[in-house]
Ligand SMILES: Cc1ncc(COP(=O)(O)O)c(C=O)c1O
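The chain below stands alone and is given as structure tokens, in the form predicted on its own.
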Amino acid sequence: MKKKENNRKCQEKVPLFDVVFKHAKKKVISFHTPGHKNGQGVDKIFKKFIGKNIFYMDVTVFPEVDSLHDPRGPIKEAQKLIAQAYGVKKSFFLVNGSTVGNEAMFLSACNPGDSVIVSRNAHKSVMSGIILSGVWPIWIQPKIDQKLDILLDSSPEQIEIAIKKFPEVKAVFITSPTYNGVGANLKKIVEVVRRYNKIILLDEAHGPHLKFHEDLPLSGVDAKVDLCVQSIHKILCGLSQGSVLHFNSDIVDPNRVAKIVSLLQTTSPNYIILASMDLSRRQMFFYGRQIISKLINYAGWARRQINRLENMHCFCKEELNSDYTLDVLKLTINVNRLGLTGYEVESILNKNYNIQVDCADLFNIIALMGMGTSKKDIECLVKALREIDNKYKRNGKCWGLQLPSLSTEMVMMPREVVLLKESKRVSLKRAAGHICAETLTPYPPGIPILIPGERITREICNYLQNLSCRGIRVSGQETKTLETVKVVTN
């Protein structure tokens, strides 16, 4: 009991914010970076809009504010506090977003030549981590929920099958929750991975809040994964680029993790971002459950209202099978029956209602609720959707979500192809059998259909040609239309 009380007392502290705030109030004469010199050289319009005090907090590395690469003072204490709040052994602040966290997990847990099981619906930064670390990816075909037009992450059964087929794998990489808020069965997945003595890495960029409410999916920190990255800025009140890498492993070397994180991060971190994460941690520890309870009620009301509309649907956790859970603060709104694409509805909301959703695809828009979402915000969104549902209506349903088989042959390591091999462009019609030398990611489904080092199949060529005919742009294509693909030169 006394230990718990001491922990609560410690969590009241915000050591990093305090030292930066204290320094800002001193208004010292600056002969250090950055060059705006406490805002004195900043554009007048910019300065008038945001005020001058923030520039006094924009400081460089010196002993008073500590160093992110060799923390000994307030940064060290703030990282210790966030580790305590999340119940892990160590935590590392990231100022390059969760992208650098995903890269750091691969480089920390694996050596060049190791193989890692990865579900194909991973964020594109995972591909960066694979290339930088020089590992062999073993891809799992993601599942599609045809009724909801969304992708699901790997099931425990898929992971166990992959481990048995490739017993030499070093680690398993999971993304949970997904962009749609769908959480994997982490408890069962961790049990499977531990049974085979493998490392488990988790991209939980969209789940920094899960720890703080029992009605949300299980967080990776509670499931005891080895390494877990979270975006403080996505849902909590940290500033953009603010993320954290949690370490909770008996297998991975924590000193190696610290070295890798230092290797990947800027030597000029933004202390305003760092201080905002310190404040977010305190807010969530003391008020997270209260805030989230309120947001869950807002989300429930919004779902009920949206699902009364004739042509839109916002799915609920009861519509998922038992292997998956749902973060209800993600509102995935399917507009298929409306006859408009998600992109079109996103544009209408932006231009006509001054509402910006987090993302859209052919079928859905995704409205992300965060700690700052108000009841008025939710009411405005529902009102706008109701008006769109009444005003806009086209005949016919949009194209259904489909995927070709992605269980293709990995001929070369992605790192080898990207850094060492020469390439050329060939017609998509004649690309089957070649080794791909680029990453092509259509939206939807938002996952790589081709990656460097992979043997191109006729099925994938036909799939990409079909997308091109429909005018769907593929991320990674270097020409206006997708008529050619980059391949390794023999």
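For every residue, the number given is its place in the sequence shown, counted from 1. Note that the coordinates shown come from a computational prediction; the quantities given were computed from them, not determined experimentally.
This protein has a second form, the form predicted in complex with the named molecule, left out of what is shown; the following refers to that one.
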Note to self: Taking the named molecule as it sits in the predicted complex, is residue 206 near enough to touch it, meaning that at least one heavy atom pair lies within 4.5 angstroms?
What the structure shows: yes
Notebook entry, point to check: Using 4.5 Å between non-hydrogen atoms, is residue 97 touching the named molecule in the predicted complex?
Noted result: yes
Check: Is residue 303 one of the residues lying within 4.5 Å of the named molecule in the predicted complex, judged by heavy atom distances?
Finding: no
Check: With the cut-off set at 4.5 Å between non-hydrogen atoms, does residue 243 touch the named molecule in the predicted complex?
Finding: yes
Next item on the list: From the candidate stretches 122-130, 186-194, 414-422, 343-351, select the single one in contact with the named molecule in the predicted complex, where contact means a heavy atom within 4.5 Å.
Entry: 122-130
Margin query: Give me the residue from 234, 282, 170, 259 that has a heavy atom within 4.5 Å of the named molecule in the predicted complex.
Written below: 234
Next item on the list: Counting non-hydrogen atoms within 4.5 angstroms of the named molecule in the predicted complex, say which of 212, 363, 247, 179 makes the cut.
Entry: 179
